[in-house]
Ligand code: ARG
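Form predicted alone, single chain, as structure tokens, below.
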């Protein structure tokens, strides 16, 4: 027996599964066999008494989970951090454990009552004494970790649990003597697994499979080279034996019904203090402000879910609810993260929701100088589609040329400070690039329900994707928007793929261009080639567009068309010479509608108008998108995604494709002005022309078909 090692246990006199506060309790209410539970506990007690000293705390009536003494608190030296139980079903245990610790002479530290922390169930000392592993996510809050680090004067490493079956750290994580670690990786998020890998060398990590994890193999008691657990597979036993451990299995199935095993039933109360180990809690906290229609637009829920899902925790400090429908609400939220890296990631996403740090805390954004052309500083802020403002000289400055996936360059001029969005490739030496997330905010457009109603207006449909909507109703809204944009001299772009031609939509798109509904065309080599093939030869990909049947030798048609246009010099010259007399490209030339055809490695020919320099093509896309009011994206995934990434918020986008995945991809960009429609693009264009026909009476488009 090792006299220097002591455990605290509690006899299961009142143990039962009386309620459900974890997944293991589901279906096990009052199904634990009392006699078998006592027998299993006594066997564990006997095993431990043979290896160490076991103290007992008196079990109390009404608190059946008091048997799980691991949750009494966290002990290091003469200090103990008392647990603050999350669920009311266990909160009554706290005074009984506090009395036991005080009677034994421990210095008891108590967390704020609204800050859950469940003791050594969620905090496990490295067996070499170098640091404390602390879990959070289900029963303990991240904000408890700085308190623990301060009171116990030890470095705390925060690990986020993501599998509700492993609700406490000790259910899936067990530090062992010699620096070894027994753990179940799938119970943790990516950041936590990376932290584990950084601290524990590969040869010391013993990762287990799910079959062992659900038998609570990690919920083990380690005494020197001995590991006591409920059950382990032969493979796991052998792995432990191979590195010098002796495995003792003692069945604890009755306690598994409540979500516990060997470790849960014990609390090590003799943990030595190392003089050279001191506090270092990397937990970072920041305060954010949210303002707007926080409840009805779901912004608060989105923000809080985002914080938790990405490894942080929160505390709502203030919430000022707007009193009227048109009133805005305000919220002040404290955000905590296990590291600066995670905090920056969370905060950048909160910025996208319109969150901002208190203005008085940030007078200027942080900037670093570009030292290599086309290379941003390490921690540069990545822009989004939303209108962005940055703090410069204690004032908010709007970022120019807003687009996704760029950097923000700040420049002071004699007249004012200027902030501009730049692509990485355009960065120049000595550019001042914003780094971090301080002093940045996005301006989000109000949801459609908050706009003033009008008896004669359609409101553009909110973001969404559905193949079940009545296509006619959606098309009617789009047609109405197109008419309004045209009549006020606005700008509509079409991003189109060759499917427009294959599905019979060329004539409809041609007439949209002719009647002034399109102010720019973006696409690839294929849309132009197949449009011209149909115009000159009546086929598309060698298929007769009237009969729908392949034409003899039709597979050569597209190359003959390319050759013809190349012989003319370009598309415009083919129109000028009278060779090209109809079709989409013809209408673009005749109506002075600019177009950009971006080439790719798969292009045949290509056409002389196709820009094979990708950088130049991207720049031309971006130029044409500037000032757009609406973009119709018609059955071309890559060109639509490319255009979408260049488009700031506020531009209405309609993505039409028969493939739901393509439509979803575009809608996922998050703009409330995006609309996805899963349907045949030829049908869509036909219906659109019909709706516009009615709107433009008495001069219907159909009369010119």
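Quick caveat: nothing in here was measured; it's all calculated off a predicted structure. Positions refer to the first chain, counted from 1.
The discussion below concerns the form predicted in complex with this ligand, not included here.
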Which of 106-114, 341-349, 67-75, 489-497 has heavy atoms within 4.5 Å of this ligand in the predicted bound form? 67-75
In the predicted bound form, residue 561 touching this ligand (heavy atom, 4.5 Å): no
Should residue 25 be classed as touching this ligand in the predicted bound form when contacts are defined as heavy atoms within 4.5 Å? yes
Evaluate residue 90 for contact with this ligand in the predicted bound form, applying a 4.5 angstroms cut-off between non-hydrogen atoms, and reply yes or no. yes
Would you classify residue 83 as touching this ligand in the predicted bound form, given a 4.5 Å non-hydrogen atom cut-off? no
If we test each of 505, 259, 137, 583 for a heavy atom within 4.5 Å of this ligand in the predicted bound form, the one that passes is 259
Using a 4.5 Å cut on heavy atoms, which of 174, 264, 596, 532 is close to this ligand in the predicted bound form? 264
May I ask whether 21, 121 and 167 all come within 4.5 angstroms of this ligand in the predicted bound form, judged by heavy atoms? yes
